[in-house]
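Only one chain comes next, encoded as structure tokens, the form predicted alone.
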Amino acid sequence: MLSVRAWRALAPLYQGGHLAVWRRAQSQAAASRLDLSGIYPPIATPFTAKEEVDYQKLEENLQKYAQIPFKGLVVQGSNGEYPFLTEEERVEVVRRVRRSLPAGKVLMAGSGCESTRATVSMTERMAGAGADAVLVVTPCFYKGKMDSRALIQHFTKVADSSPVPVVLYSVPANTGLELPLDAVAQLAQHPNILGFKDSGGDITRIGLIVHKTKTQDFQVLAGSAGFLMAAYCVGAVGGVCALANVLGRELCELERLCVSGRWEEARVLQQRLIEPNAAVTRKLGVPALKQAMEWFGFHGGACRSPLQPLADAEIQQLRRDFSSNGWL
């Protein structure tokens, strides 16, 4: 990874169109480029009874995650309830995680906002708080206008000014739009755009993105545990998986099996993870993830309003999805 000083010194070459000079300089730093391969939990944000961020419980979760062979952590992703946090809270959570994170672990921080200007500012603040890379979600409030042209301009401006590498983030279940394939292929050429987290679950699309960007130093991450093995099969290098907050060791084991080519064992484990993963993501969402965390010895607790706790019937369904697959 280029240092902040080196990136700022070389960025004008890229921005000014001197691509040949930039690429020669960039190639010299390729060996130290940030390696994203591995498993990351997009960590939840614990709250007190008064809905304040509970930093003590966050620290206790971090101490437990430090015992699991994660590549790193994602902070302020959708499972961290980042839309419900103030700007200061978002930055402070990242700062606290950085302080606690063991040496060598990668910290990716969500810096996406609706406007390009705000995203540039938040990206700089996340880098200042200790993020190794930023995860930038597609802006979506005006989703009808978020075509390839708008999104390419947005991500390019963010990457041009970011002091740390940028990872693109497409989560259509929450945003209502996918980052178009042509936009991903063009953005992959930017020297400060490192990779892509795809939470859509379309394996043909993930495979095609890997194929279309194979000449770039571009890394694709699966955005959910339900299709992690399939994503590895088509060239993904890791996963940012909500279920890793609960079954982190098991997901790291699935990664190990895939990387070592033990596909039959990987298939058996993957199948057991599909139902609990669906329960804490598309079916019941963040309240279910936090409930499951409590069952497995982590601090989940309540969500910040307006998210509501699970109804009794939903809790029973969640328990069945875990117990029927041998996890409870």
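Given the structure is predicted, the values throughout are model-derived calculations rather than measurements. Throughout, we count residues from 1 along the sequence that is shown.
One more form of this protein exists, namely the form predicted in complex with a further copy of the same chain; it is left out here, but the text below deals with it.
a further copy of the same chain in the predicted bound form is not approached by residue 37, whose heavy atoms all lie more than 4.5 angstroms from it.
Looking at residue 218, you'd find every heavy atom of it more than 4.5 angstroms from a further copy of the same chain in the predicted bound form. Looking at residue 182, you'd find every heavy atom of it more than 4.5 angstroms from a further copy of the same chain in the predicted bound form.
Among heavy atoms of residue 323, none comes within 4.5 Å of a further copy of the same chain in the predicted bound form. Put simply, of 99, 256, 249, 143 only one has a heavy atom within 4.5 Å of a further copy of the same chain in the predicted bound form, and it is 143. Here the chain stands by itself, but in the predicted bound form one stretch of 75-83, 121-129, 238-246, 189-197, 75-83, has heavy atoms within 4.5 Å of a further copy of the same chain. Annotated contacts: 33, 63 and 163 are all free of a further copy of the same chain in the predicted bound form [non-hydrogen atom within 4.5 angstroms]. Shown here without a further copy of the same chain, the chain has 304, 305, 306, 307, 308, 309, 310, 311, 314, 325 in 289-328 lying with a heavy atom within 4.5 Å of that partner in the predicted bound form.
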